[in-house]
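This document opens with one chain alone, in structure tokens, the form predicted alone.
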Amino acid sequence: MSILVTGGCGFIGSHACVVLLDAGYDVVVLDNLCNSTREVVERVAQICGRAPIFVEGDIRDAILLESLFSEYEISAVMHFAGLKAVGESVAQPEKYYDNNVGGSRVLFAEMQAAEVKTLVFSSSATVYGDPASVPIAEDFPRSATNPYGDTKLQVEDILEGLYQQDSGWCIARLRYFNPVGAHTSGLIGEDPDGIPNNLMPFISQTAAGIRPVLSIFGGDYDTPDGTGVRDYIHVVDLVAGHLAALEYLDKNQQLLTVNLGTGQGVSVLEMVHAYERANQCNVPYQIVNRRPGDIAECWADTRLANQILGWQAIRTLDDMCRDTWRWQQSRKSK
């Protein structure tokens, strides 16, 4: 039996392929390559000693999905496919609703038709909006401060509706915080096309001299040093949480919702200085205006994932910084 990984050539999806293959699963990757490259499949094969099956295509293509479920013995889906840039979602909301919500609807309909009802969904802490307090627990009120977060919230609601209509579904909605880092091999990592949307690639590219200076968006938040505070989690820890959720659903038929994070808040300036210390490098920066849709602080209460899944993040801030730098150095050499 195989696991279908949508968006499997992306940052988190590619690391999920590694953990699934290493655990003995067969993997089918579906990716339209709008923010990734096919080369990732070869790198995953280098790491694991075997490759996932790769299919280039879009989750909005119902005919393609029907053929995939027909051709391969797919037992579950890990759903990562989606656009994820907050700023772009503010500028082009309809693009995000069509891709993230519309695409998910098509995927779920084809899963239902194929009687494949086990799903691990890549949700996000953005569904908590601007929280009244931290750390954030799963029972906090949900809202969205930008269209990207609203697409995640809408897909969560669709999944709840599916489960209420048919309790044969086994669904994990994993709300994760800020994935960073890379595989220790240096073969796969976050490889943004054009201008990065996340902090860590900006830091790495600045440290490598690709960018002259790091722009820190906002230095006047109500935080200890004025910069935004986030819960940064190593991507390898994150995908271990996905595997734990998949294995949990194999034994428990339910709708599971859990946070995946470290439970620790780190400011942007703290991350910059940690990166400099871990990698003996210099990251020049400047404070600029806040970005629309950003909030002051956000970190997770992870007790539920610890208790239910037996999972917790184990990699340190230094691990995140060193693994990211190793990946950045491997990109420079190509």
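Keep in mind that this is a model prediction, so the values were computed, not measured. Residue numbers run from 1 along the displayed sequence.
From this point on, the text means the form predicted together with a small molecule, which you will not see here.
- Taking non-hydrogen atoms only, E270 never approaches the small molecule to within 4.5 angstroms in the predicted complex.
- Using a 4.5 angstroms limit between non-hydrogen atoms, R50 is distant from the small molecule in the predicted complex.
- The small molecule is not shown here, but in the predicted complex it comes within 4.5 Å of a heavy atom of F202.
- With a 4.5 Å cutoff on heavy atoms, G181 does not count as touching the small molecule in the predicted complex; it lies far away.
- The stretch from 164-172, 132-140, 215-223, 70-78 that comes within 4.5 Å of the small molecule in the predicted complex, counting heavy atoms only, is 215-223.
- Screening R277, R303, R291, R38 for any heavy atom within 4.5 Å of the small molecule in the predicted complex leaves a single hit, R291.
- For the options Q154, T118, N198, Q264, the residue carrying a heavy atom within 4.5 angstroms of the small molecule in the predicted complex is N198.
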